[in-house]
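Given next are two forms of a protein chain, the same chain in both, each as structure tokens and marked structure 1 or structure 2.
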Structure 1
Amino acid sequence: MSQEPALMVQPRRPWRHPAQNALTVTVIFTLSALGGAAVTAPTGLAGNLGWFVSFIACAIIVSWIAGRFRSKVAAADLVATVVIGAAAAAVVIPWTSLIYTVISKGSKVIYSGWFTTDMSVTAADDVFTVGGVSHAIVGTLIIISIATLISVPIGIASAVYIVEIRGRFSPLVRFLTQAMSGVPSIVAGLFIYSTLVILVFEKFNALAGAFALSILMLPTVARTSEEVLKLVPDDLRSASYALGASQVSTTFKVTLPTVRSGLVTAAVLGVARIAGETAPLLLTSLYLVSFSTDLVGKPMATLPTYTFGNLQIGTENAVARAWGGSLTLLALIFVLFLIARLLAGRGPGK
């Protein structure tokens, strides 16, 4: 019995990389790294980035030569692999730098009172043990909540129109939703300024900011909801109709509940889209140094405008506070994304 496995024919795996390939790759990388260093050392190409660029250049040359030992086709394939891999590696560099910089610079100003105090008695230049962003966090949450209340029902209605009703205007609605997602954020702000701020409220306030953001949020919600609703199998709808249900009850009791988590994901993605918008808020809700929950009477602080405002002041401590605002904002958005991903991981009906 124990002899039997040895007698079995071992399946060959031609697609597996043999050890020889690993050796080739290692040799190519070592040679290129050395070549990169050799080029960088004497010339003016500065720092790690210069090394990276010359490393890629060397890797292309070395892999071409290595490939030529086999054939022209193999050489082209190796070079393409190196170039494509290098492009993927290269784009990660700025992202890593961005997140690293925000965390390292932002964490310097965060202390125990950062989340509980506002800037009403603190100047931007004060030491980092006073003042905070509580007003901006609350403002951001308020404005985002109102924008969500406006755009989520409309966005879902728009998706229901395209997927469930399949009316005459469906292609037009889909096209316009896509076109709307390209509206520059400053134009949305300018529009709300020229209507709500000038004509209706006659002052800058949080409500106007929420309306401006809902214009930007609507297309994201509508398009994601549409994708999600399309996943509902037609059998479910047919079954509902066959039982004599009307379209209203089919939609509200069968279709929408089936994709509840998907719709929440759509809302969260919409929130992540607008949470960091600055330009429209500069034209609508402006900025306020103190804690406020007044929606109509006065401007309201938000994390993006807090960051931007401190950056505009430009002194050392103010810029440091701007980094702190950035970190808080980034953390908020990452948490939202985490929620969206957790919800998106659940299938329809859960």
Structure 2
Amino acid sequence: MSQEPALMVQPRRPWRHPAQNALTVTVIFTLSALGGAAVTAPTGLAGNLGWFVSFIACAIIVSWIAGRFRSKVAAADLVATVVIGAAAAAVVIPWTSLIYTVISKGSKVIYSGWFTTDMSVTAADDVFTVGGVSHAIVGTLIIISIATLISVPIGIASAVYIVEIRGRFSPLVRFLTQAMSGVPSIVAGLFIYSTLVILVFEKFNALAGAFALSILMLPTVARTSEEVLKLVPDDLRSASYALGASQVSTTFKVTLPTVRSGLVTAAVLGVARIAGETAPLLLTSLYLVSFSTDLVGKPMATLPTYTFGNLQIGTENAVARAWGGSLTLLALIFVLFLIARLLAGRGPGK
């Protein structure tokens, strides 16, 4: 005899009434919005931020009162919903506002030659139909690429030493990476300036900028890689050893391919950490208005220093160009992130 499949029993929530949810949310939102406006107007709280704080406070009070008409559980459920929704909004709203501001202000200077010309024959105050950021884009890619080539292998190697080898100096390596993560960016730039720029190269250059950024990128890559390697089950390593593989073979052929996606994420986080850094570059690679790929012979432009330089000029067109540089930097990092995710693959080891 065939057995009928067991029915899935769903937990009951008697304080939830689907037919009343939309009406309840509408009433709570309307009363809270009016309450926030009533509190903000006479007290002089800071604009939209003050209204948002007042709105959340009123929403908690109104949701508690509305829920009490049903039960204490319903009231607690409504309050929890409001608090969680407010927390989500507090994260999403500033991010959305930032992206919208950069796009709306930066798009004004974008034209057909923005990505193919430099500022060698263009002043910051000139019209937006001349000049561009090709020199800054190439400089940013060069310096970030060199910093990545320096930091990613060292960061992953330190994580392997801590997690896989577990050598005698593992606590010291972990302590140093944690200490490096707290180093201010200006200190890293000053260190490279006082050593490489003055004593070795005797001039500002892109290679010095890459070294400064690698100091900031290294702890992020190392700590993230360490946490990723800890996710690999010990049974996987034991199975590899049982088949006769050495520790080196297990690390390079089993452990690292398993967490390939996580290691790529560590590299992406490291790039995101240094992409917008300006202070170290002002002390190392400085800025150049023309296109250049010379790593050690002269300064090199980057998008952060381009943005800083135009913002420092302060005129209307110069500030608009600074917003355009910020938009270009965001777009560049987004493209690099997409490329990294495609290279990482969808699954472990792929």
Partner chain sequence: MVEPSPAQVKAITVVRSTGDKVFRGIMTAGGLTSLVVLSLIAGFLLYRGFEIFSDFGFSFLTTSEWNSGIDDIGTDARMGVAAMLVGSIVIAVIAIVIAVPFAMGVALFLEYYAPKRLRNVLTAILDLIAAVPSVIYGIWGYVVLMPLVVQWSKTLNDYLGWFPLFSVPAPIFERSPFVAGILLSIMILPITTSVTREVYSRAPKDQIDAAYALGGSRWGGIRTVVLPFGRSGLVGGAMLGLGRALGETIAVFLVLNLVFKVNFNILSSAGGNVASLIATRFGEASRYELKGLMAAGLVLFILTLIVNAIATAIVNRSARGVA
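Since the structure is predicted, the reported quantities are computational estimates derived from the model, not experimental observations. Structure 1 provides the reference sequence; residues are numbered from 1 along it. By rigid core we mean the largest C-alpha set that fits within 1.5 Å across both forms.
- Each structure shows the same chain on its own, and structure 2 is the form predicted on its own.
- Relative to the superposed core, residue 30 shifts its CA atom by 2 Å or more between the two structures.
- In a rigid-core overlay of the protein, residue 230 has its C-alpha displaced by under 2 Å between the two structures.
- Comparing the two forms between the two structures, the rotation angle of the smaller rigid part against the larger comes to 22°.
- When the rigid core is fitted, residue 99 shows a C-alpha shift of 2.5 Å between the two structures.
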